[in-house]
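Starting off, we have a lone chain in the form predicted on its own, written out as C-alpha cells.
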C-alpha cells in the first residue's frame, strides 16, 4: 500500500486527507493519505522517508513551503520561480518539488468566472503561498499587484523575485479591485488590524483559508456589500494536480467532491 501525507504546523484544520482518500477510493488505488504535524527540524527525516519510499509523496502547507526546498534534489520551473513548494514527488530517483498552488488559484478564479485582466490586486501576507498567487495573477493579466506584510523585510524579499509589484506599508490600504488574504489569520477566527471598511463596496474579497469556510475577514466584507470567496476551490484544484503527479490519474471534480468538504 502506498502512503501519502500533508505536513504542516498547525495541521488539524487540513481537509487534505478527506479529499485525497475520497479520490483514492473512487479510483481504486491501494493507498492511504494522512496528515503529519511536524516541526522544522523533522523535515530532513521526512524527506529521507520519501527517498526510502516509506512515503510515496507529500503535500506541504504552512509554514514549510520554503523551508523544505534545501532538502530536495530538484524543483519544477514553477517551484523555482516562486521559491515555493507544496507537492513533493519522486521522479527518476530524484526528490522533486512542485508548486500546484499557482494552477490551483488560477483555476479557482476561472471556476467563478472572475477576470483579473486590467484589475488592481492587493495581497495581504508574504508567506509561502503569496509568490504563487502573484505568479497566477500575472499569468492571468492582472494590471497592478500590491503586497503588504507586518514584517516589511519579507515583502521586500518577494519583490526581489517580482520586481514590478508594489510594496505597501502595513496599515496603508491602496486602491484595489480584489484583495486576497494569503495569511493564516482566520484559521482560529482571529481578526486583522487592517481597516478595509473604507475601501467601498462591490470589491472582491478572497481568502485562501477554506476551513473555516467563512473567516471574519469574509464575514465583514460580505456585511459591507462585497463579493466574497473562500479557498475551497483553490484547495481542490491544487490537490487535483498533486494527485495526478503521484498517481498518473486525473481525479474527477464534481458536486460530490465539493460536497464532502462542506
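Computed from a predicted model, the values in this text were never measured in an experiment. Positions refer to the first chain, counted from 1.
Only in words, not in the display: the form predicted together with a small molecule, which the text now covers.
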Within 4.5 Å, heavy atoms only: does residue 87 come near the small molecule in the predicted bound form?
no
Going by a heavy atom distance of 4.5 Å, is residue 127 a contact of the small molecule in the predicted bound form?
yes
Whether residue 154 contacts the small molecule in the predicted bound form should be assessed with a 4.5 Å heavy atom distance threshold; does it?
yes
Residue 135: touches the small molecule in the predicted bound form, heavy atom cutoff 4.5 angstroms
no
Taking 56, 59 and 94 as the candidate spot, are all three within 4.5 angstroms of the small molecule in the predicted bound form by heavy atoms?
no
Candidate stretches 77-85, 181-189, 115-123, 96-104, one within 4.5 Å of the small molecule in the predicted bound form by heavy atom
181-189
